[in-house]
Ligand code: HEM
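One chain follows as structure tokens, the form predicted alone.
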Amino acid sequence: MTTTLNNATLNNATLNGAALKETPKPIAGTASYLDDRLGAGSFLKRNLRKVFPDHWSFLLGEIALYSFIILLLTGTFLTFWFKPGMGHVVYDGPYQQLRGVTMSEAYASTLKISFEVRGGLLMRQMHHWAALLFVAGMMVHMLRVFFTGAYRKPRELNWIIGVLLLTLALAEGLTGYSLPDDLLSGAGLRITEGVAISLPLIGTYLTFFLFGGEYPGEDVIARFYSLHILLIPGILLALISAHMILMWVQKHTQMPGTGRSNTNVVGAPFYPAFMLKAGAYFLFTFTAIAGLGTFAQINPIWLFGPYTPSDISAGSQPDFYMGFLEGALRIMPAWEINFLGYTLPLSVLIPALVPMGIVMTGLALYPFLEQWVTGDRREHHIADRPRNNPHRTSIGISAVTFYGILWLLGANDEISAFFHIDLYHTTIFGRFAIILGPALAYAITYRICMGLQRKDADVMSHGVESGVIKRMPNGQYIEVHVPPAEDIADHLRGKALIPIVPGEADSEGIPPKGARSILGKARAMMSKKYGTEHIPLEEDGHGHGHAALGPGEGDHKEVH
């Protein structure tokens, strides 16, 4: 009976293997149809069977992609009724509280979309929520790529495209946020004008170009509208297409595990598995945005009123992705430089340019800086676990902390009012926290990563708890440990050593050629620090991990 079952199982596996080698009928039929007319049959057959790895974190980027599609659809609807003009009109629509109020055509048309166009308010709110989710999805996706090292060769170009996409998304959000010409968006536009005019040499020209003269001018809404619906979306669409093509050609990274290597991809084919999963995920994203647009009010411009330069409002907050610039502006001391009759307002220039410059420039350069420090020019198709590169993970968490502190302090007036804390105290706290916070985050994250590596080493060396309590002859009770499951062990064995640039002198005291200059010595020192293996995870002769552990540690632990 046992032999029969084994033979049946083997035959089943053979049949399944043969089936996998055959092209499914829907693909074969479609490919033949297209091949007869376009000569694209082989291309279609090959790409529809392309294998994609299966891991939940790989879907984070799709949130941004599907949000962008929803943005295009809802934005197209809104363009049918929005009037990007700053000409003055007297409102006589259904919203009683604003009847008889003079306002711009842009603000009046936004009110019309909200109250008179069927489904207009839903489309407006879905568009706004999709914009927030688009930026948030990109941020989370880039964090996943950074912490797993998925930006390394051959994906550096795709990483640069991602940084450009995030930068353009911020600009797209700023231009779209300003279009309704309400009091809240006008306050943000006033800050934008202040930043632009503070730029040395080009500030005045740039401001007059955007606003068509002295602020607020008559042209800024129309010009932002052109940027928002034509130029920036066109560039975004081109870059997203390039991003997807490169990802398709270079293949997706995969998490370490059983049977996975730099030369294969373990997962499901594009058709039908990934296609069905992607379709369901798009519908899920659409449902989430539609639900938010229906039940969660956002940007109620009728409560803010039309923008006039003489009016201000308390508690004004930008969308979350611009909050860090707002926070930098609020904690910056009132510094300026006066020289030869010119004023350089550092209190505006530094908050506007330095935080954005640090984050975006750091993101763009990091793959090349890491490659230079480690000397690693190999191709990488297996993603790292964040704990296995503690310095990279610590740098990333420091950047997140830097951003988070600035974002939080963008609401320092709300924090002061809610918690009854002096506004001056929150500002002083922010000035210290922006320096000390990232450094503290680096140190804590590094220690956490090392602790997690020790845990992995312990699992590979001593196994996992079995739940079996055993009494020893001397009366001591111990819990028996067993080797980890094979898939867990293979996941832990995926830890790869970080290369180190040689910098040690030879037997005659002569350092390597690349480590003789001051820059070379600094590179060798950084490489040793960045790549040193502190918690080795090795394989013993039985295929089990081995790691250096403290004295007295064995395969059993006492239970008290």
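So that there is no doubt, residue numbering starts at 1 and follows the sequence shown. Just so it is clear, the model here is predicted, and its values are computed rather than measured.
Unshown form predicted in complex with the named molecule; subsequent notes refer to it.
Taken together, 155, 247 and 251 are fully in contact with the named molecule in the predicted complex: each brings a heavy atom within 4.5 Å. Comment: 58-66 is the region of 58-66, 516-524, 490-498, 43-51 lying near the named molecule in the predicted complex, near meaning a non-hydrogen atom within 4.5 Å. Mapping the unseen interface onto this chain, residue 141 counts among the residues with a heavy atom inside 4.5 Å of the named molecule in the predicted complex. When the named molecule is considered in the predicted complex, residue 299 lines it closely, a heavy atom lying within 4.5 Å.
A residue is said to contact a partner when one of its heavy atoms sits within 4.5 Å of a partner heavy atom; residue 131 meets this definition for the named molecule in the predicted complex.
The named molecule is not drawn, but in the predicted complex it has a heavy atom within 4.5 Å of residue 319. For the residues 409, 459, 86, 71, the 4.5 Å heavy atom test against the named molecule in the predicted complex is passed only by 71.
Checking 281, 147, 208, 225 for any heavy atom within 4.5 Å of the named molecule in the predicted complex turns up a single hit: 225.
Contacts between 69-84 and the named molecule, taken as any heavy atom within 4.5 Å in the predicted complex, involve 71, 72, 75, 76, 78, 79, 82.
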